Structure formats: C-alpha cells, structure tokens
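There is one chain below, alone, in structure tokens, taken in the form predicted on its own.
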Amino acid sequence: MAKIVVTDGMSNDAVNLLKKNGHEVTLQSFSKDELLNGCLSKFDAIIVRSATKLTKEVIESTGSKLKVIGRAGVGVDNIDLDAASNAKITVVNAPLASTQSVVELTIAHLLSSIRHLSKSDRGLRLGKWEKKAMVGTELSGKSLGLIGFGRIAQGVGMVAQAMGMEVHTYDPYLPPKVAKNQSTRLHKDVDTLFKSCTHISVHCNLTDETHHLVNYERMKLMPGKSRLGLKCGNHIVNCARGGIVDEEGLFQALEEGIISSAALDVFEQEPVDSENKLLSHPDFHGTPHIGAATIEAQSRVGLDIAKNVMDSLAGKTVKAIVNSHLMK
C-alpha cells in the first residue's frame, strides 16, 4: 500500500481505482509555504494538475519517501524535471486522455474566429443587429499552419483537411514520413510556415526555444489571402501553452490589422489579468485554459494517471515516463 496525495482534484472513478488497489488516498491542496516546508515528505506519490508548482525547492523538501509524481494531463512545465530526476523521483503524465477535447476546442476557436461568433454574441447582448458587419470567411480553401505536429496537431489536421483546408506544419523533431503520411507539407523553418499560411494554430511545448515563437515580426509574414487569391485575413489560435504567443506583439498586430482574429485558451499569466489589453480588443476572444475540460477527458485523464502512478510504484514498465532520459 502506498500513500498518494492528490492536490488539484481528480475524478471519483480514478480515486476509487487507487483505493480499490489498496492505496491510501489524500485529497488536499497545499499552500506554497506548506510545500516548501516539506508537507509532501510523508507521501509515496503525488498527483497534480497545473495548479501545484513542484519547483526544485519543493522537490528537495520532500526527503527520500516520494517516489512518483503524476501529472494528470500532458504539460509538465509546473514540475522541475531535473530536480525530480536528481531525487530519483519518476515523473509520469497522461498524454492521450485530452487529445480529442483539445482538437475539438481548436477547431471551435478557428470557426468562432472566421465567423465572428463571439463578436456577434457581444453585439446582440448590447442590442445591436450587425448582420452586414459580420460577413466571415470559410475554412475551406485556406492554408492552416500547425506549429508542432504531435497527436493533437495531427487530429486538428485531419479535421481541417476534411473541411477543405491545406495543412502545413513546422516541427524540427518530426520524421518527414509522418507529415507525408498525413498529406501535410512539412516546412524546414518556421518563417516559411508563416509566409504560406493564413491560419496558424500552436501545438508545441513551451521551452526556451519556443518562447514567443509566434511574434509580431512573424505575424507580418502571413499572406492574408488564400492560395486562390481570396482575401481572408490572418488568424492565430493557441490551445497549447501560454508564452509561445507574444501577447504584446499579438495585440499590436490586431491593432494594425495584420491579424484579423486571435483566440487563446492559454496565457502568459494565468489566471489572466483583467487589465490584459487583448481582453478589450474586439477581434480577440479567449477561454480560461479549458482545452481538457470535458467530462470525457477528465474521466480518461484521471484513470490514465492513476494507472500510470500505480504501475510506476510497482516497478512496472510505463510508457508515459516524462523524465526517463534524465534519471541517473
């Protein structure tokens, strides 16, 4: 039996699965000071989402009992992987559970952008009937650029192709045959992707390399016209990680009409500050980091991470180990 703490919530089915297998489960959130003062030292494993920040200092305060960190989701930017590896702590995630949910949200943001759904709704609530001003465009016949081409991006690409879009991608770590098998044009550098696409969707991790990868200068490269010469504007969507899109540069591009619409599910600072200039721009709409927030995804992610944590504690082979390359 292991002592497992869940700090950011988890589905009842997942909690019951852990208990059914004989583990002691504690559902409790901790303050930053509590984390730094070693409150995790009595647990064998911890399961977090994005709210709990497992910094180097927090991990070093856990002593030698903690063996596994489970991230109920995909991104692990709230976990210091080097510190965990040095402490012989295995970090596992649940990379498959939210794929479909994020794919659908990305497509929803693309459609909302080009058909002015959010702007139209805001107008109606103010008593405005702006039918003539809300003429949009179609996704069909346009070029979609995907930054990163993992599972979610490939899912977005399949839906986009079914809707008549030409799909491009930039992913320096992608074997060319993967893009070829998906009938997707792979670009060798990100600038040519921007030059070729009127719609850009972000699907990579936040790293030093990708921080502000989508910036004002690159947005200026976008053509604003479809490959058939039809003016359709330029559109940016990010449902991956905040900080990949330079929000100051995005606001400037919106102000100057370089970007016709922008939609973010993730922000550089979360929760987003109400004074963020993007929130007041009529051609911007956003959501509060809800990519994985579906009933189906939450059920899958809880069960997946519970199984991965249990298997890791039992010494079994787990494919979803994030820091295997760092373990010494």
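Because the structure is a prediction, the values reported are computed rather than measured. The first residue of the shown sequence is 1; numbering continues from there.
The same protein has a further form, the form predicted together with a small molecule, not shown here; the description that follows concerns it.
- Put simply, of H109, H203, H199, R71 only one has a heavy atom within 4.5 Å of the small molecule in the predicted bound form, and it is R71.
- For the residues L264, L66, A292, I259, the 4.5 Å heavy atom test against the small molecule in the predicted bound form is passed only by A292.
- The three residues S113, K119 and G286 each lack any heavy atom within 4.5 Å of the small molecule in the predicted bound form.
- Proximity to the small molecule in the predicted bound form, taken as heavy atoms within 4.5 Å, picks out 74-82 from the listed stretches 183-191, 74-82, 131-139, 230-238.
- Using a 4.5 angstroms limit between non-hydrogen atoms, S50 touches the small molecule in the predicted bound form.
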